[in-house]
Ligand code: NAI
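For reference, the chain that follows is the form predicted on its own, supplied as structure tokens.
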């Protein structure tokens, strides 16, 4: 045995997972075979009274299956063959003639949780690192080693659907509350508490956790179960596009197998899982997972990580940044124009914490502790010890520069100054600073509490030390930073604004708001372009569009209808209740005032809308590579998925382009260029890739002009 150790002492068998030269335990084919060998060795040993499964890794039980092995499998049959082998091993574990106990001290994810569910009992420590989850839905499939079969029997239908369809993780206390584990205790109590639990299991003194009365009643009858499935389906449809199959198929598997015997249900689960795991969508989701891992490790640990910050600006973005730093850092100073503003800021930040309290991931006292980290001032005095200062005010170059001058005059010479600008050149913003090596752009996305991406934009003067310290800061706060070259709009806004602008051109030519929004939401975008414009704020979007127009000229014109909406109608969007839509507390409807002057009777096909709005983004992304704003297509794919919600199962904007075919895209762009002018002129890189029969994945050598 290379990865598992078997020890039998005092009639108690213990299998310890400890993968060789690995930081975490994974259920690879090799590990499963070792487990199978050990189970065969002990299954008929009448001297054994109980079996414990545990981990020798710190803060890790089993982190799941080996994703690389799943990624490598090309056909459903190949996947099915391996899955059934794993099912047989878990069934063997489940059928052992004595109590089996999973001791969970750390991450118990995916296949690791399915392994634990195949045991009779589960105990977990209250260690903060102990998390239980079925994250497979985020990889384009669902639990495939009996998870959809055993979880409903242990924790009930409603709790199972919640875990399996969301991929969310829960701590030991929540796991105990829903019956996923049978007992929890602190790390230091292991020797006493675990031994006592083992004896109780041998003596059959452990009572099975009961599913709540209401949940049990709801799942008991077919009519109420159908209601649960219906409500779950509607919830999925609100959040997930229909062409991302994983959650829909997972629901269908659970629905089909809820009352079936385990041996029948497992076959149905394995067949459905195998179909999904072999799809391109799943491969793209796995690729995204690896990119998260890569970018979240891309820094060197320092001896003095940043722990105190100053935030200047208290609009929506500023409040989000204040909330983020209060959650993770020691001290957060807020620079205000007027002291009276603090009351509303405090309320807004408390509101951002409310969802954590509702989910019980934070207690009220823990939130109060975090809010107590906030201090505020209306002057720049007293910031001498600040390590990092970030401004998040309106997109005005002069006002930002005034703030940087005040900060530089006040802060220590080693302090880092950052701008949350969404579009203004960092080189321009740093032009009047004396200490340029400590200045850079740090662009968060709205809402800060939900969006994982942050763009780091160095100037030509920014030091590597500054970049590394900021990377470390952001990653410690749960964000995923990427490095982006300095240009107007950087990556996300530079690529996204032409999409929003093109939707406005189509509207002006005769389509309608509802149709355009629906087509692009059905394509897979999280919301339609006009809903997005209203959500972000028409005023903010317009200012970014102006900056891009000033920088890129006639190839990034502002659609006349946007000029009208912003300058004539003075619409701001959802925050003021009036934009492309009219908003009240319960609904929204089309604002006909926007389109009154236009004759909206021209019919656009779904394909025409998609091509104009999506292909213009592809072309701009190609220009970003051409100009070396980023180093790889992967970075652009990652940025557009995590910064705009571009459908991850399509692999990001450039993987999608590869799948459509660059020749097809170039042909369409040339046609649109002939009809609509410069904004559709194909990039030189795109032309070159087509000429060489390459794509954005295979043609990296062609990016060097």
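Owing to the predicted nature of the structure, the values given are computational and were not obtained by experimental measurement. Numbering follows the first chain given and starts at 1.
One more form of this protein, predicted in complex with the named molecule, exists but is not displayed; see below.
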- Query: What is the one choice in 394, 339, 357, 450 with a heavy atom within 4.5 Å of the named molecule in the predicted bound form?
  - Reply: 394
- Query: Though the named molecule is not shown, can you say which of 433, 367, 403, 483 has a heavy atom within 4.5 Å of it in the predicted bound form?
  - Reply: 403
- Task: Indicate whether the named molecule has at least one heavy atom within 4.5 Å of a heavy atom of residue 466 in the predicted bound form.
- Result: no
- Message: Check residue 88 for me: does it contact the named molecule in the predicted bound form (non-hydrogen atoms, 4.5 angstroms)?
- Response: no
- the named molecule contact in the predicted bound form: residue 444, any heavy atom under 4.5 Å: yes
- Message: Contact with the named molecule in the predicted bound form for residue 148, defined as at least one heavy atom pair within 4.5 Å: yes or no?
- Response: no
- Query: Which among 263-271, 313-321, 123-131, 74-82 is in contact with the named molecule in the predicted bound form, heavy atoms within 4.5 angstroms?
  - Reply: 313-321
- Query: Does the trio 308, 381 and 411 actually contact the named molecule in the predicted bound form, every residue with a heavy atom within 4.5 Å?
  - Reply: no
- Task: Scan 647-664 and write down, in order along the chain, each residue with a heavy atom lying within 4.5 Å of the named molecule in the predicted bound form.
- Result: none
